[in-house]
Each structure stands twice: as structure tokens, then as C-alpha cells.
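So this first bit is one chain, no partners, the form predicted alone, shown in C-alpha cells.
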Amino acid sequence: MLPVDEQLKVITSGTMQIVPLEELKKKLEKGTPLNIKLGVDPTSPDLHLGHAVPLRKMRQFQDLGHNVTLIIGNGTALIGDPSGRDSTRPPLTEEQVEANAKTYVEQAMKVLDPEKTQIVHNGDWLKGLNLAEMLKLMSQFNVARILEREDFHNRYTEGKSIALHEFIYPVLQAYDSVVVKADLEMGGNDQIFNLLAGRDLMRAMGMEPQVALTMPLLVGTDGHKKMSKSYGNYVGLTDEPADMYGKVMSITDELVPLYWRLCSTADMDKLDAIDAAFADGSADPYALKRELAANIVDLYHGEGAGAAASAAFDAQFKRAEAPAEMPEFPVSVAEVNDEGKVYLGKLLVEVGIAKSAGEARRLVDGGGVKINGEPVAPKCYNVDPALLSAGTTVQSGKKRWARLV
């Protein structure tokens, strides 16, 4: 195994908290592989790059020679993790959980080394707990401590409902650490309470407590909110290569170094060089974004997929060539008005390029509207019907297209 200092350089890269760091150093100094735990509740069938951030860190642990245990929370998912929530999660059925778990593992193995990953299901030990065992576990925690947790504290002080079963969640997650004998547990930064609860329970049971390591929540493609399907700012692990590449290309320049560090397969020297280039102003964000997008596509779709997606991106956006597929509308939407012209304000709304005639006029005035690749002059809101026959493409910018048929 690598020297401890070299391991720590990899382990600490991109992390938010390691509690306590000195204990991690002592564990590494033993020179034996650590058992790294990540628990995931399969509440959704599809993963995105935000979900993959802790998986990427797990893969780094694997590459350093450590053992990883991926816990599929088919027991805890029946409660639902209350972390970061302002209301009780709707319950999932066992059938939903099992279906989601199957696709989760398939997608997670795109990041983790399947040969070096131990996969367990916490329902195997949680569902069989009897009343005496559950009461013994719960006696190790007190309500006052749990109410110190930020999300519970906020809901309590605001008079929002907290279901009693939600208090049990951190207890069960902590028990998972006892069962698998974790040396270190990973999670998002909103998971820190649960991870520390695992330390407390292991200590109470006479075990060497785990170290808690948290990763940041990945900012989505909008550059503001955390990546989430509900916000529409996500890059899905099962997105088609061209879509995945295009979404990564849409991130803000400021996010490029973070995405390199949290989402790519680059080594530490490369990541440090990128950070330094952004710090001294010598970075080329566009070039680095293209390289990043290709790296991520290769990771999830196989070597060479990134280059093909890059070529498709150039064909569609860089050279402004029309995409192979786009929404199609009958030529009849190009209605001729009393002046013998087609009013673009109405047409652009009809084909979904603009939401209103006012927005359509602004697009025209900004020079962003093209017919068959030719820009429409500002203030030219009425065009010759001869320009709008079957096969004509209408576009605004690089992403909004329509074809008349």
C-alpha cells in the first residue's frame, strides 16, 4: 500500500469533513486494508453525477487497496432518510425498493470495481430485529441529542410534523456500521449526524469507532442548486453519450475545477494543475470543459464514447449543423397573414421555440433566430412564406430547433 501521506492526499481530495482526521491516520498506519462503508437507500431507479460523487471516492479507496462495503438500504428505505428534509418522506413499498435497488447496483458498478465490492442489504439484519433488540438499540440514544440535528430542530421549532419513526432512522444506520464493522463511513455532508451516530453506537458496544467522511453535494448544471432531477439540473448516469456530453458542456466555468475533482477519473497531479491554472488565470475553461465532458462520457459509456460525443457536439453546436432529430411540425403552422407574410412571433410560439410573441420578437432582435441556418435580421418579424417549406429548419441559439414537414 502507498505511504500514509500519499494515501491521505487522495482520500482528502474533494472532501468536506473527516471526523476525526487523526483517527483515520492511525487506522492507515496499521498497514492493513480498511473497511469503507457507504449506505444508500434505493429511493429512485436512476442515478446522476451527484449520486456518483461518494461512489467515485469509494473507487479511490479501492484503488488504494482498501475494502469497500456498499450497503443497499432495503430496510432503511422503508422509513426514508429524513436528512435535509422539511417533511416526512412518503413511504415506499418493498417492491419499489427492490426494483430500485437492482438498477442502483447496475449503475453503481459503472464506477466501482465489481470484483472488489462487497454488496449487502441491511434488510437482512434489520427486518429480523425483535422488540428486545430494537429497544436495546434505541436505549443508546436520547431524544434531546437527536433534536439537535438541524433538520429535526428546524421542523420542531417551526411546528412542522416529525413522525416518530423518523427518529429511528439514524439508529438503524448506526447499527449498519456495527454489523459490517466499518472503519470509515462515507456520506453527503447532510449525513454527518447519522455518521457520527454510528461512531457513538460502535463505541457504546465496545468497538473501535468508525471515522466519518463527508463529500459535498454536487452543484447542478444551473450553477446554483444541488444536482437533482426535481430541479432539472442533473446529468444522469444513463443519459445517452451526446446528452451527457452536452449537459456537462453547459456547466458554468466556475464549476469546472469542482467537477474535475468530484466527477472525473483524473489523478491528483492533474487535478492540482487544473486548480492552479484557474487560480492564476491561465486556464482555458472551454478546452478543459470539453476534456472533462469526454472523460465523464468515457467513464459511463466506455472508452471512445467521449470522442464520438465530442464530434457529435461539434456537428450540432460548434458548426451549427442541425441535429439529426428535432421536433417536427406541419408546414401549415406557418400561416400567411393579410400582408402575404408569415409572422415569426406566432410561428416561433407554435413550434415551441418561444413562449410568447414578445419573447419571439426579442429573439429576432437579438440575432438569435435562423431559418435554414441563415440569421433573420433584427426587427424582421414578417418573412416570405417561400422560406418556410417542407424540410425547413427554424432555430434559436444552439439548443432550440424545429423542422417543418
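Residues carry their position along the shown sequence, with the first being 1. What you are looking at is a predicted structure, and each value in this text was computed from that prediction instead of being measured.
Heads up, the form predicted together with a further copy of the same chain isn't pictured, but that's what we're talking about next.
Only one segment in the set 327-335, 104-112, 247-255, 124-132 has any non-hydrogen atom within 4.5 angstroms of a further copy of the same chain in the model of the complex, and it is 124-132. Within 4.5 Å of a further copy of the same chain in the model of the complex, a heavy atom is found for all three of M138, A163 and V171.
The closest heavy atom approach of I71 to a further copy of the same chain in the model of the complex falls outside 4.5 Å. Interface residue remark: F193 is not counted as part of the site for a further copy of the same chain in the model of the complex, having no heavy atom within 4.5 Å. a further copy of the same chain in the model of the complex comes within 4.5 Å of a heavy atom belonging to Y156. Using a 4.5 angstroms threshold between heavy atoms, F167 counts as touching a further copy of the same chain in the model of the complex.
Only one of N142, S282, Q118, T93 lies close to a further copy of the same chain in the model of the complex, with a heavy atom inside 4.5 Å, and it is N142. Just one of A204, L271, A322, I146 comes within 4.5 Å of a further copy of the same chain in the model of the complex, counting any heavy atom, and that one is I146.
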